[in-house]
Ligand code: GLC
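Below you will find one chain, with nothing else, as structure tokens; this is the form predicted alone, and questions on how it binds or moves follow later.
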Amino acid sequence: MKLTVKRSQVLIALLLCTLSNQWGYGQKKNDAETIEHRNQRMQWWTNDRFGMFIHFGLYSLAARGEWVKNIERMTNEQYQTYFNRFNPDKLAIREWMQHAKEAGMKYVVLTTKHHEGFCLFDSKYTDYKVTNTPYKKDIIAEYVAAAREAGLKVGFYYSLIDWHHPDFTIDWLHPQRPGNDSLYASLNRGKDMNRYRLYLYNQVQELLTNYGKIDILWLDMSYGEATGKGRKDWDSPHLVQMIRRLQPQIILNDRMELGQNEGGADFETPEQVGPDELTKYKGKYFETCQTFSGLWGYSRDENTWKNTRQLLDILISSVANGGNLILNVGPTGRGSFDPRALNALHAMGAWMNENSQSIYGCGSAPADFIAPPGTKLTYNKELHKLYIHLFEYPWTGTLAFQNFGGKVTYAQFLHDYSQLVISPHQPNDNKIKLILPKEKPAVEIPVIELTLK
């Protein structure tokens, strides 16, 4: 038995070595990417600022969130009931894309495989896939076609974790984790992370070769502390090299335990953080991932939903700190969007329809512009426009700005382009004062646009 295991490991190592030559990931890059080239590669992403995450899988039928298998410590046999019944009869991915566009989103990232291990694509390396369910069709193929048709950038989420694969070793985050640490060795007898890593590489290769150009790849997640999984398990440097050779223009997230200096991460991913916490990411490429409620997968009974003001605050704060927001929807088991999610998307879309110029193409304001209390600033460098988001409407009817004196040529509300009078100031005065209407406009968060000299 010991000889068989060793021989198996040697064969897998040789196969990985052979595939490394095929994929090219065993070779060193000829040239390091320049900062200028990287900025060009990231340009569309930093311009668009707002995207949609979609978590959809077998957990959508459980309707208790995407970690239900883990939290309830289900076995594969118990979880199989969702696979046997997966048939989203109301799935209309073109409608998903239309909802994203109407909300003002410019790109979408869909789960191709979450931690449960179920694949929404027709992988040749597993039977645990959508084409073997009653639904039968490749959802990822449908999604890619619909996103491109809608003019949206295409993103894939792929879980590095797999609670279904027989070679993925049981650890402290696995649904079948034991109550006694001494039992791990016996539970993992016969499992081989080398074989799992080969499976992971093969599936990533499928995703990046079978569906045309992919704009974003979200790999999730590493938890290398103690007995968890991390960069050694995925061999992250080689995985990234393979990805970049297959899709040179792709944008990658940061959950492989690789820093930007290793060429592994294009942006950081603060998850479910408050608007004030985003200030620590200022000056970096980042995308905060957020939910309407507390969970990513559909949860019928979860009611801690953010209101429109909270959602807009996260979006505006992301851009004000030079980052992006990706906002998640968890479709139901039938493939439709929860009415609560639709209401939230419509509210975001109504605001974006009138104020998106303060989001697209914008970032942090220059440091010498000081935001008045109750406001947040975004700035379009190309157009020399500064945007003041009024979270607190001034009851006095005036708004004073420090360090703005002599720098502003015109002021208007963004939602209707109505002019705002700039109060005369002394020649050497470094302030300006805007005269505002006494009543707040019928906009959730009004935006003032200042044209700068």
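Since the structure is predicted, the reported quantities are computational estimates derived from the model, not experimental observations. Numbers for residues come from their place in the sequence shown, where the first is 1.
The same protein also has a form predicted together with the ligand, omitted here; what follows describes it.
The putative spot formed by F53, R255 and E271 is fully lined by the ligand in the predicted complex; each residue has a non-hydrogen atom within 4.5 angstroms of it.
Across the options 214-222, 194-202, 174-182, 345-353, residues that bring heavy atoms within 4.5 Å of the ligand in the predicted complex belong to 214-222. Site annotation in the predicted complex: the residue of C289, L239, I251, L91 reaching within 4.5 Å of the ligand with a heavy atom is C289. Of the listed positions (F168, W296, W96, Y143), a single one reaches within 4.5 angstroms of the ligand by any non-hydrogen atom in the predicted complex, namely W296. Shown alone here, W45 lies farther than 4.5 Å from the ligand in the predicted complex, counting heavy atoms only. Not displayed here, the ligand is kept clear of F86 by more than 4.5 Å at the level of heavy atoms in the predicted complex.
Although the partner is absent from this view, Y393 stays clear of the ligand in the predicted complex, with no non-hydrogen atom inside 4.5 angstroms. Shown alone here, F413 lies farther than 4.5 Å from the ligand in the predicted complex, counting heavy atoms only. In the predicted complex, the residues of 98-129 lying within 4.5 Å of the ligand by at least one heavy atom are, in order, H114, H115.
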